[in-house]
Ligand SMILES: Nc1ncnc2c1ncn2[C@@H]1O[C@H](COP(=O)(O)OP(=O)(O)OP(=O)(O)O)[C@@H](O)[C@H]1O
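Just one chain is shown here, as structure tokens, and it is the form predicted on its own.
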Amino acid sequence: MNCVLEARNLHLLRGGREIFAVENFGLVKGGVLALIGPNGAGKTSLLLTLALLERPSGGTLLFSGEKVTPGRLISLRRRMAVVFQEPLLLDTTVEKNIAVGLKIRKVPDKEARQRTALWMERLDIGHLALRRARHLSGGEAQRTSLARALVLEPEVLFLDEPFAALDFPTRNALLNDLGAILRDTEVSTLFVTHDYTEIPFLTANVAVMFKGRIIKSGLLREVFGAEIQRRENLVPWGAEQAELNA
């Protein structure tokens, strides 16, 4: 299995309490994996550790087969992007919010404008380019946050329950759009959620976390059972293809 990100015997202690302990974890290059579990399971802490924003208490992390070391943290973080539940936008326009990372990375102005325009179009917020962040709806703000991450062209995208605060129609529309984007770009993605109904929009692959452990992983219909999907009238995208490629 060609993994862009691997963890071995990774664990995190905080105040003497074990937050998670994961023996083996792998994010397949170009794949999307949903990490699901109840609140307090350790999902966000694991995501932050994998995104190199939290230092583990022990274990090994590999990025594209090479060990993550303190000296590589900054360069590796620049190859990742994270989207949180709260958009955390700057008090400026949508266009400038999306371009801020490109400016920090000193991307030439012409290229930055082109990439920003592209992702505003992809996420259907081009008409909001000059609107200030404080005047956006929840869905518009989260679309801006996603565009800000994707414009960086990350190798790994981390999504930490970015749809949890959205109403049902807004959430479903954004999930549909993001699912198409992830299939098109094939950016390796870890998607954390506590709501299994969101998963089929983005992937057929899931891992279940409970009390700091990954207790099960596999195809969505294997993990949750076909009955759950029928009851919710959900059909995982590419489930048959995922089974063939598993």
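Don't overthink the numbering: it's just position in the shown sequence, from 1. What you see is a predicted model, and the numbers here were worked out from it, not measured in a lab.
Although it is not shown, the form predicted in complex with the named molecule is what the next lines describe.
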Exercise. Which one of G42, G31, P56, P200 is close to the named molecule in the model of the complex, taking close to mean a heavy atom within 4.5 Å?
Worked result: G42
Exercise. Looking at the partner-bound form in the model of the complex, is G65 within 4.5 Å of the named molecule by any heavy atom?
Worked result: no
Exercise. Taking heavy atoms only, is I19 within 4.5 angstroms of the named molecule in the model of the complex?
Worked result: yes
Exercise. For E140, is any heavy atom within 4.5 Å of the named molecule in the model of the complex, or not?
Worked result: no
For this session: Answer yes if any heavy atom of E161 is within 4.5 Å of a heavy atom of the named molecule in the model of the complex; otherwise answer no.
Result: yes
For this session: Among 65-73, 174-182, 33-41, 216-224, mark the stretch whose residues have heavy atoms within 4.5 Å of the named molecule in the model of the complex.
Result: 33-41
